[in-house]
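Coming up is one lone chain in structure tokens, specifically the form predicted alone.
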């Protein structure tokens, strides 16, 4: 009996230990300073839309999720260097980024707009309250931008560097306003409120969250909200040779979109549904 007990214990150990040893850990980098997508909460923990979604996706993939903040400029280089396995940082899928990394199926649509001081000369930009898809309504969007352009002549507009906001200004308003690039949205918002900028362009959900803070009192969204086109869709950034992980993310994201989880998280954090339109 003793020998049988030892044998049974050995078989059980052989069955359990490899499963534990093989538990996959997925390290996900996020900016951590881009509320309400990802930001440091009152207790110092990272929270936000992408944090909720990342934990949900990892549960669906049956992997252990580790979320680590990383500066925007270092996200792609650190992914390529193997420091992280994935990026979830409101990163739009662009042709330039697709040259160096892969992306999962989209989990959100990017919507962008201008923010200005409420009592300034740009407070009544044409098209305020309107929305335009740069994919399907580009002609109408260009017509509105044709009205906005002359108002921005000689003005200074802030954007976060290496983002689709920068690409938007380059594509549609090049040579009209001076474009000043910043490392974070907080930095260009600070300069807007201190009179060093006339406007900023950024994700509308991020701007809306910033406008609720005391240090942004006196600012407002102005002009249309733009989506698609240069703003694209938002997906998980992955190394090109990580096909298996991409497949797992794709399946988990599609399931989270289909069952309404992405909609629920986006309405919780943004008050609007930013689920990708399929």
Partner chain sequence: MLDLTFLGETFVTLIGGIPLTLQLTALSVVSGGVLAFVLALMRSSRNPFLDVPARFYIFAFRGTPLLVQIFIIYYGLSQFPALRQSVLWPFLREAYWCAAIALALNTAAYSAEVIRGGLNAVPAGQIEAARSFGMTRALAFRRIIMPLALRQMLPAYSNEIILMVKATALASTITLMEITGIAAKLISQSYRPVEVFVCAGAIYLALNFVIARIFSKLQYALTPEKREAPATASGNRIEEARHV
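Numbering follows the first chain given and starts at 1. Only a predicted model underlies this, so the values are computations on that prediction, with no experimental measurement involved.
The same protein also has a form predicted together with the partner chain, omitted here; what follows describes it.
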{"query": "Contact flag, residue 182 vs the partner chain in the predicted bound form, heavy atom cut 4.5 Å", "finding": "yes"}
{"query": "is_contact(residue 80, the partner chain) in the predicted bound form, heavy atom dist at most 4.5 Å", "finding": "yes"}
{"query": "The partner chain contact at residue 190 in the predicted bound form, heavy atom, 4.5 Å", "finding": "yes"}
{"query": "Exercise: residue 150 in contact with the partner chain in the predicted bound form, heavy atom 4.5 Å", "finding": "no"}
{"query": "Segment assignment from 190-198, 123-131, 203-211, 139-147: heavy atom within 4.5 Å of the partner chain in the predicted bound form", "finding": "190-198"}
{"query": "Residues in 159-173 with any heavy atom within 4.5 Å of the partner chain in the predicted bound form", "finding": "162"}
